[in-house]
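In the block that follows, a single chain appears as structure tokens, in the form predicted alone.
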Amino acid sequence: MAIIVDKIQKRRDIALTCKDIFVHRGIKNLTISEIAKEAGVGKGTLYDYFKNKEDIVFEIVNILLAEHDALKEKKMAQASSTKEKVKCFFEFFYNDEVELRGLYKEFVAISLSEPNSEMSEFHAKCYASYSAWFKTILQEGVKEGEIIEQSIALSNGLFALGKGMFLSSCATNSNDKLQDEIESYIDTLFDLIEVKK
């Protein structure tokens, strides 16, 4: 009797097995042979599931972002104010999840240097999804009477600003200051947009 393999789960399992080697060595310093050895599969099997090593990073980032988003949603549900939710939303850019940030940095570098339609679509989908999520947070803040209605018009720009600050910190290796910079920005912004009581 033939063994039925869940190809989606197998692809996921292979990618996650390779996560640590990508985090510690980076994509440019790895060969397909090293990646296959880390995953415990042959090179041929690796190519059955992935086009190249960039495709593996893409899969890992997809998996980790989904897990991160679920945790972020739970944490934001516990936040008591719009300001706390906004800070929670931006924690991705500076929190302790070094693996995810490191892999996301690799993914962005790949996307900029070797763009392809799948990665471009992924970025566009993520941007639209996160922008909509962030806009919803601000809309709820307006509905609760915490922030002024004009705040909603800032949603896309604020999300882009957070992402830009993250990319800038990656380029300058100054992630240690990023949390303070983002939180200071959010505090200042809320001084301007909070409904005065």
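Predicted, not measured: the structure shown is a model, and the values here were computed from it. Residue positions are given as counts along the sequence shown, with the first one as 1.
The same protein also exists as the form predicted together with a further copy of the same chain; that form is not shown, yet it is the one meant from here on.
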property	result
Position in contact with a further copy of the same chain when the complex is considered in the predicted bound form, options 150, 129, 31, 136, heavy atoms within 4.5 Å	150
Contact residue in the predicted bound form, chosen from 161, 63, 36, 142 - any heavy atom within 4.5 Å of a further copy of the same chain	161
Three-residue site 22, 67 and 77 fully in contact with a further copy of the same chain in the predicted bound form at 4.5 Å by heavy atom	no
is_contact(residue 195, a further copy of the same chain) in the predicted bound form, heavy atom dist at most 4.5 Å	no
Partner contact for residue 191 in the predicted bound form: a further copy of the same chain, 4.5 angstroms, heavy atom	yes
Partner contact for residue 170 in the predicted bound form: a further copy of the same chain, 4.5 angstroms, heavy atom	yes
Non-hydrogen atom contact residue 157 with a further copy of the same chain in the predicted bound form at 4.5 angstroms	yes
